[in-house]
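Here you get one chain, nothing else, as structure tokens; it is the form predicted alone.
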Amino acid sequence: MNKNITLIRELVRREIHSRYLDSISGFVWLIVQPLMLLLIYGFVFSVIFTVRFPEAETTGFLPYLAVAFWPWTAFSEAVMRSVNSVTDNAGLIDKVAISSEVFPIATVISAFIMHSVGYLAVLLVLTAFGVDIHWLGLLPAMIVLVILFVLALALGLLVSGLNVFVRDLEHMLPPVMMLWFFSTPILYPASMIPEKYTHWLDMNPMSGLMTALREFLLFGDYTNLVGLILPVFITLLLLLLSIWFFRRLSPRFEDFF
């Protein structure tokens, strides 16, 4: 166990340095890419389509979008990068007796560490531009981000294990994540979903998490902590299933490298 923790720490350090810190452009792109997407979505929906809904009247559309969009970006990148985390380290797994789950775990951790820095920067910028961020809400928001991290970890283990046997998975995952993005109330509030589809919304753990982040950070409403119970249950169940599934597959990984 101690050996795995040490290895994960070293992999996270290497990942952060190689992707973000060894070049100025890597770190800048970490901030610029989500910011560009945020501005594009904000322009399209608030200027071209002039989307209006009561939930964003007091904050404006861009802050309403930013508070949920940045955590989704961390989640999405962590899952999509972890899909190749095992196959990319096939040579190391072949040569060294090592627990292969350390690779997706390290990938998810590094993605969340760096995007958390970006998220804090975005909240500070919003505050500087006069948006009333409820900083006390950062504490319950951290609970949401931890749940989001665990969900990404569960899916990272699942897709990285499956990708050893189904190499097309890395091409299938981006459209699936895009579909998930648009079916989650990030660009719009949950109140805009027609009532006949709300039961599908309830099955999406991301819905409750995104709504909770906005309530905590934008509106200072902490009454929705109870609403996190179902996402926590779904996430923990998925994590347990993913660990079991990954460990059932891992003894056969070397046969498919």
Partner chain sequence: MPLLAELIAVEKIFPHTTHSKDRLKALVRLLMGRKIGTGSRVLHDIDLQVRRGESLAIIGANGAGKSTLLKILTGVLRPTSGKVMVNASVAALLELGAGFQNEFSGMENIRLKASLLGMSRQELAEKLDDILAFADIGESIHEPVKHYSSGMVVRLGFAVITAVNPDLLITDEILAVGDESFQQKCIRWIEQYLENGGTLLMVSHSMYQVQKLCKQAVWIDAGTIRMSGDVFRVTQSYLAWHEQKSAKERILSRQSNGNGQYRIKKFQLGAAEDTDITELKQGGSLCVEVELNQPDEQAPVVLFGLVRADGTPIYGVSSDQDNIQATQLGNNLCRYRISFDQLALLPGSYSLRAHAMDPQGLRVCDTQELPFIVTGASREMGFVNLPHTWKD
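Residue numbers count along the first chain shown, from 1. What you see is a predicted model, and the numbers here were worked out from it, not measured in a lab.
What comes next is about the form predicted in complex with the partner chain, which does not appear here.
Asker: Using heavy atoms only and a 4.5 Å cut-off, decide whether all three of Glu10, Val164 and Pro251 touch the partner chain in the predicted complex.
Answerer: Yes, the whole candidate spot contacts the partner chain.
Asker: Going by heavy atom distances of 4.5 angstroms or less, which of Leu120, Val176, Leu92, Ala128 would be at the interface with the partner chain in the predicted complex?
Answerer: Selected option: Leu92.
Asker: Considering the partner chain in the predicted complex, which of Ile98, Leu169, Leu187, Leu145 comes within 4.5 Å of it through any heavy atom?
Answerer: Contact with the partner chain in the predicted complex is made by Ile98 alone.
Asker: Only one of these stretches, 179-187, 130-138, 110-118, 84-92, has heavy atoms within 4.5 Å of the partner chain in the predicted complex; which one is it?
Answerer: One stretch meets the cut-off, namely 84-92.
Asker: Quick check on Trp244: any heavy atom within 4.5 Å of the partner chain in the predicted complex?
Answerer: Result yes; Trp244 sits at the interface with the partner chain in the predicted complex.
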